[in-house]
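Here are two versions of the same chain, shown separately as structure tokens and labelled structure 1 and structure 2.
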Structure 1
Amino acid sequence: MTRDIFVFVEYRDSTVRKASLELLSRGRQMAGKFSSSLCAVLMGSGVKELAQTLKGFADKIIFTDSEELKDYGWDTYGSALEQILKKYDPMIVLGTSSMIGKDLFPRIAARMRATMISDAVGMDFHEEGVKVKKPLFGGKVVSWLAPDAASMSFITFRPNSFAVETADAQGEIMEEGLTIEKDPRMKTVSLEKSGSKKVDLQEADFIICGGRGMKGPEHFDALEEIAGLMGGRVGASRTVVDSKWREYDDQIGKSGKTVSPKLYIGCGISGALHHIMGMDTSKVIVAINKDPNAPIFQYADYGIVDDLFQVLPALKEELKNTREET
């Protein structure tokens, strides 16, 4: 019997995340290859209307609506997702390599005794199933993994790994009434949500990232101006965040966020491996550093060996002129 393809859908401020739409688009291709149904899984509180927006992307939209799921918790979301997966027994479950995906998917994979592949960047098909592309050691090694099609597999992908493609589907909306189990050993003491309206760092097409070479938090204003002109986001290295120059939400790297923008510009970043592991799949990498021996130049498509405080003003003016001309 043909088993379904599931995509765990994430959303923010009542809007489905672009990364989830990417996975639904790629999942559609996978479902067509294996003559399977594509199912979007949505959970939260007050998500019934949001489920309607997914009708054009999947054959089935399975959602569960509960006050217990208003805010993410590995215990409540894990309880809901595990019940759904045991009922439908999909072949593959796709998710985003986000904070939620990195926390939730390994837990559920362990409970289900299933295959787990994290932080993937690509996927191809073969006769018996799929091959998953995963970078290792800061992108110096690229591995292709083929999970066993006979068992359930969980795979998380970096945002911007695929293109968003709309389909002509008219998916069936299916609500699941579940008993949500909460771990009594854990309770939420407080919850603070950022009021920032910035582009999500992991979904930004353009990122300009500052490192220790920025010399101080006041110099990040120049990066903010350039990011604003490009409709992108400012990122930061771990050293910058540890120095309290930027918030943790801006950190890119192994201990921060993994990004894959169309264009990444690194300013005053040496190129330590833990940072490279967070941005090595960027489509185009530009490095600005006055040290010609900086390791980041080994990964850059374009390198500028110069004082960044001379380069950034020139870049900003050129972008302004380009905007005025268009």
Structure 2
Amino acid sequence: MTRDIFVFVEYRDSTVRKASLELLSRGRQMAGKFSSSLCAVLMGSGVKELAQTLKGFADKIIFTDSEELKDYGWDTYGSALEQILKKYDPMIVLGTSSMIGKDLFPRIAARMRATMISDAVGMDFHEEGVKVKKPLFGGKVVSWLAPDAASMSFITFRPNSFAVETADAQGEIMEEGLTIEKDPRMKTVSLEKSGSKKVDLQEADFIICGGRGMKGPEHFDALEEIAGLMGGRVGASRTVVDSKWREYDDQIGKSGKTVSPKLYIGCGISGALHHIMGMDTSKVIVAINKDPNAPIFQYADYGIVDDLFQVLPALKEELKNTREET
């Protein structure tokens, strides 16, 4: 029996994030191949019921429930994770390259002197261990990296890297009672939750993104309606964010977020390299631009050359119709 494969599970509003389910799905195939067990690690305050929902996805669900873990902090979550890792000594720890993943994983990987590969998009087998697919230079190059199979590896993946497969495992639920250590040098003064129920931009399956061609902030309502219809999110180019038409949270590209939805629709976006770098791993790319020579058409699968203000209302109607049919 080889060492376990761990998945650090993230959730939001008492629902496990899709990205974590993706990792559990891929992790299951890996565990099968290595004949190791797949273990979901869940921590927080009041997560007992949430642990139950993971039963079908893993062989073991280790959770720790503590008031100290109500809000995320690398010190408290790290303290819990460290204790669990030391106890079980897994081979691989999988996580999402979310803000928590980017903050917690390197900190604890360094503590464990583990190998850390972040922001990957694929994973396969290599000799005794795994190999990981990771884009470099904003997607200009793709690399395959092999973490040392003998040491513990931490690997984070972009959301939408793997398909979610429902499994019918009968995972054993195990509670770990831990003493959580808080770093006295850190003090939270305030935590202002945005309260938005919108899906996370990086996790959205559908993104409709507006550029300077949208002409002004008021026209983004049309995009919001379409995103709402599709259960997706509105994105923006940097020009739009710099003009204060949209929040920085919406920015896609080199200096914003990297997204890979199933469907990306760019409206009035020229397709500057800095923008492309943030979205070219999308499964299907659509561009709507009145300029047939706009660079975005070099990256798009489908293009409409026309005035976006004429196209958007019709697009909304069409999408609505297909939604109603299905």
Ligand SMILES: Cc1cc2nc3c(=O)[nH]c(=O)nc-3n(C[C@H](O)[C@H](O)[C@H](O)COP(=O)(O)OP(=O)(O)OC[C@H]3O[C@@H](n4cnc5c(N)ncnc54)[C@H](O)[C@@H]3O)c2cc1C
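This one's a predicted model, so the numbers in the text were calculated from it and none came from an experiment. For clarity, a rigid core is taken as the largest C-alpha set superposing within 1.5 Å between two forms. Just so we're on the same page, residue numbers count up from 1 along structure 1's sequence.
Assignment of forms: the chain in structure 2 is the form predicted together with this ligand, the chain in structure 1 is not. Residue displacement note: Leu223 has its CA displaced by at least 2 Å between structures 1 and 2 (rigid core superposed). Relative to the superposed core, Phe63 undergoes a Cα shift smaller than 2 Å between structures 1 and 2.
Thr53: CA moves less than 2 Å between structures 1 and 2 after rigid-core fitting. In the rigid-core superposition between structures 1 and 2, residue position Lys254 carries a C-alpha shift of 4.5 Å. Note on Gly278: its Cα is shifted 3.0 Å between structures 1 and 2, core used for superposition.
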